[in-house]
Structures are given as structure tokens and as C-alpha cells.
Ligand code: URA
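The chain below stands alone and is given as C-alpha cells, in the form predicted on its own.
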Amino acid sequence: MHIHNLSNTPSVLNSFVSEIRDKSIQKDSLRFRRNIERIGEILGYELSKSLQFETHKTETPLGVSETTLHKKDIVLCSILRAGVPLHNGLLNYFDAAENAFISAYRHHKHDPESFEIVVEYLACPSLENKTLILADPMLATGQSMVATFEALKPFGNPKEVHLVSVIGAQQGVDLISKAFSNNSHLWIAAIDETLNDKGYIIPGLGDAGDLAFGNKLQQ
């Protein structure tokens, strides 16, 4: 897997990452969602440089302009619910993309410190020979990414796979590096060193879904 850690090069992206981590600023859910969206836009721009392009002619009022445009064969899939703001940021740049959504959550059977990933809802177009962009803001253990990709396999074999995350743990990066093919890509804004006993990224930022949309209902 090709890993593109954008934090290795200082840029304005660092400001948005700092704000979503800041426990005083992140209390503003509107600002939190917008910062995730802006991070998605930057990650999408960097990702676009690796896509396949083809020559396209555009007629202007005074002549013909020739440029190179990326092939419109993208399927953008996000993991609900935390993935929605990241999805919106990517969709701002890949506005012609087809869209897929999947729900994946941690199910704790008995031990609160152990869990399995449960996939329930899935809506997806054909992936056959297309470019799949799989987005999940928090790459903790990496199990959600792997489970989601497995659930998508009945929809076809994509020609290339790009994973997009905002913050990840090294453990999760290591897991998906083994689970995905060597020619797949991970685009990520920051990688933290470790997870705590409950599988949350340290220092991370907390629960991205709760910060974006409020606390989950207790069942």
C-alpha cells in the first residue's frame, strides 16, 4: 500500500487538524463538520494527482481549449455516520462521482474493551473497473475499513482503491497495509502513535460522529 501522510509536509491543512483536535474549539459542531469537510477537500485534491487523466477539448466563445481531465469513473463510499462531512468535502471536488454509503459500528458483546465490526446498511452502484474512494475519518484499529471493503466485494472489482482518513493510529495503518493490495493508496492528514485499551486513537480527537452530530442514542 502507498501511504500518503500529508502531515509530513507543513501546510494550511495543519490548522484544520489542530482545530478538530482542540477540545474547546471542537465543541462547535458546525465548525467541526466544516473543518472535516475542508480536510476532505485537501485530501481529495492531493488524491486527484494520482488519478488517470485524458485529453479533453472544450469549445470557448473564441476557439477550442485543450486540457487533461480525470476520467469520471469514481465511486465515493463513506462509512456512516461520522463519514458524512468527509464525504461532502470529497464530493465538492469529485462532483461527478457516483455515491455509496455503508453503516459500520463497533458491537461490544460482553467485554467493553473488545468488539466486532457490524455492517448493517449498504447502498452501492457497480464498482466493476471503477475507482473506489473509501472514506472514514478515524482509522483506529483499521477493522472498519477492512469489514467495509469485504462488504463491497459483491458489487464488483474496482480497478483501483483509495482510502481516505483524517486521523489514524499506526496500528490501524499497519493492519490495512496488510489487508489491501500493494497498489492501493491511503490518503491521511495525520497518524498518531497508539490506541488506548478501548481502541480509541491517542491523542486523537474523541468520537468524530458524536462531535459532528451529537451523542448517539442509548439502546
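The first residue of the sequence shown is number 1, and the count goes up from there. Everything numeric in this text was worked out from a predicted model, so none of it was measured.
Here the subject shifts to the form predicted in complex with this ligand, a form of this protein not shown in this document.
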Give a yes/no on whether Asp22 approaches this ligand to within 4.5 Å in the predicted complex, heavy atoms considered. no
Answer yes if any heavy atom of Ala97 is within 4.5 Å of a heavy atom of this ligand in the predicted complex; otherwise answer no. no
Spell out, yes or no, whether the shortest heavy atom distance between Ala104 and this ligand in the predicted complex is within 4.5 Å. no
Flag Val17 as yes or no: does it have a non-hydrogen atom within 4.5 angstroms of any non-hydrogen atom of this ligand in the predicted complex? no
Answer option from Leu91, Leu127, Val84, Ala140, heavy atom within 4.5 Å of this ligand in the predicted complex: Ala140
Within 183-206, which residues come within 4.5 Å of this ligand in the predicted complex, counting heavy atoms only? Gly199, Tyr200, Ile201, Gly206
